[in-house]
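What follows is a single chain, given as structure tokens, in the form predicted on its own.
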């Protein structure tokens, strides 16, 4: 695997491959890689001639410096996993290669997100998705990939990135990959590394509730089903539900009836002690 740290070098390498008609699959990450990332790499490797992964902890999608400092950093383990999947290039850029003082200020002007960033995560993490969109667009410009791969666990992020690509008419195919779960159903996440073994077991309750909600929607209204989900967490000793919403998978707006929408997703954010977990499940399609 070729490890590259400078933008000019990765641009030259990839331009040479593109000039030879080679296809490039790109997986942007913030590191702390796990089996969920492995599946992204595996699919990208299968569908393209070359696989490139980036590792960059993006400062503009965090609310404060403490959150950035607390993000898990496991570079040696990440490199081992990437070697296992036979990744071709690992891009570890410096912040100055991606951001200048001016474009940090201007990042919010990149694109109108049409309200997709104001619901769900956007309600509790202001400007988070503006930072996400800016850095993903920056990487797309540098890498010039044919396909880019994102996990469906971060469903809102996937919808927003697809919206950006469409609005800006970018020449990259964005591919959503299924959420990978542990044996108890907990969605794999870099944040899971902060959980003790007993907390990982307790957190599997999230997926259990989502699956039961899907069943309840067969006989209950959307409102009643949503209330039922929230009630499950009210008296839980360790888990606190920050939000649960049943939304249209395209607009991310809350729905009142399944009959009005072809595809509906239940999106949830839960805290266990100081660790915040998100998950989702397609409830109707």
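Positions refer to the first chain, counted from 1. Predicted model, so just to flag it, every value in this text is computed and none were measured.
In what follows, reference is made to the form predicted in complex with a small molecule, a form of this protein that is not presented.
Among 247-255, 214-222, 44-52, 23-31, mark the stretch whose residues have heavy atoms within 4.5 Å of the small molecule in the predicted complex.
In short, 23-31.
Any chance 117, 159 and 267 all have a heavy atom within 4.5 Å of the small molecule in the predicted complex?
Negative, none of the three is within 4.5 Å.
Although the partner isn't part of this model, could you tell me whether residue 89 comes within 4.5 Å of the small molecule in the predicted complex, counting any heavy atom of the residue?
No, residue 89 is distant from the partner.
In the predicted complex, does residue 154 come within 4.5 Å of the small molecule, counting heavy atoms only?
Because a heavy atom of residue 154 falls inside 4.5 Å of the small molecule in the predicted complex, the answer is yes.
Please determine whether residue 71 contacts the small molecule in the predicted complex, using a 4.5 Å cut-off between heavy atoms.
Because a heavy atom of residue 71 falls inside 4.5 Å of the small molecule in the predicted complex, the answer is yes.
Using a 4.5 Å heavy atom cut-off, state whether residue 129 contacts the small molecule in the predicted complex.
No.
Just give me the single entry in 113, 75, 170, 188 that has a non-hydrogen atom within 4.5 angstroms of the small molecule in the predicted complex.
None of the others qualify; the residue that does is 188.
If the cut-off is 4.5 angstroms on heavy atoms, which of these, 141, 178, 198, 94, is the one near the small molecule in the predicted complex?
Partner contact (heavy atom, 4.5 Å) among the options: 178.
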